[in-house]
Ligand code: 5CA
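One chain comes next, on its own, written out as structure tokens in the form predicted alone.
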């Protein structure tokens, strides 16, 4: 993509309303624009990151056996009354009266709706187990929305819902999501640690929240230092096998939020105290929704029983902010490779110079022909402005082309995360990127 044909409204100054790093950098990098309190438009650069995160989440959900659907944002209040939750959300729920005086709501979550779908179509144990998920916008009317997309009113969420015949099968479904979540966050370049959690208004008696360690995290967390050395992607996972031993391996390591921390549970020299950001939450709540909503199936003995359920959420839009909080420096964002909006930033430092234009155009063509996403800064702007913008938006690799280098037959290849620079031939730079450096 040529920058002269792209929409990237970067800002030199930090907006006064931005209090944390991710909010400041998302505004400055032209990723989002606030429309009202806690509600944002996602501009092209931000939308690309959102889509990349969404795709990783989708791939891991599919690998676990979950099936994608799409439910509406507007729900019937009647369903929520039947579950007994209509009043639980209080003012956080946006309530709507349509033109026919029907009570509706903008969904903060989808337990009721998905349970009603299953109630209508699933009648026998032979259809189970079943896990349905979607990636959809939600709305919760936070009294004090703040911190940009980290605590907005409108947000993109992946929510999955499992349906099983009995508690043992439901625990198997829970374990699948537990492992899928570990893999998802690891693929996004995050160290997310599962911690036993309260269930809140979702309900149930088993819950884990997944916490990313970040200096600017919203709450205090504590964990075994061995967590920091673990790589969950090193271990091959068969989602059709018994995952209980793998889940036990991770839950046996100490991890606790500030509210649940027990100072006597782990030796002090083995403990890491940090700040954390919640990016995912999983729940097992049995028949909390299936009983009042009538989601029943016949079991092997022909008896009618309520299905056992769990729900599993990932804050997709919140993850954008969480990744930035965990990965930035004084110059700007430092994207992990899997979620970067472009693989390579290509800067022509002397636009209009015939030799520089030819060298930059040639590299751009080679990389795009090979399938890499390249943002080519072909603006008539100062070299310093171009380099500052590339650091700000945080693409994993940069290629800088200037008159001195062109004359010497070299370009500068920079790795954004480490700051390491190499002056090498254009051919060597292209080969380095095509051999896996930016994929």
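Residue numbers count along the first chain shown, from 1. Worth saying up front: this structure is predicted, and the values here are computed from it rather than measured.
Omitted here: the form predicted in complex with the ligand. The next part is about that form.
- Heavy atoms within 4.5 Å of the ligand in the predicted complex map, among the stretches 365 to 373, 300 to 308, 135 to 143, 98 to 106, onto 135 to 143 alone.
- Shown without its partner, this chain lists 157, 213, 118, 359 as candidates; in the predicted complex, only 157 has a non-hydrogen atom within 4.5 angstroms of the ligand.
- A heavy atom within 4.5 Å of the ligand in the predicted complex is found for exactly one of 286, 194, 315, 332: 315.
- Mapping the unseen interface onto this chain, residue 164 falls outside it, with no heavy atom inside 4.5 Å of the ligand in the predicted complex.
- When contacts are judged by a 4.5 Å heavy atom cut-off, residue 111 counts as touching the ligand in the predicted complex.
- The closest heavy atom approach of residue 281 to the ligand in the predicted complex falls within 4.5 Å.
- Proximity of residue 321 to the ligand in the predicted complex falls outside the 4.5 Å heavy atom cutoff.
- Contacts to the ligand in the predicted complex (heavy atom within 4.5 Å) from stretch 124 to 155: 140, 142, 149, 150, 151, 152, 155.
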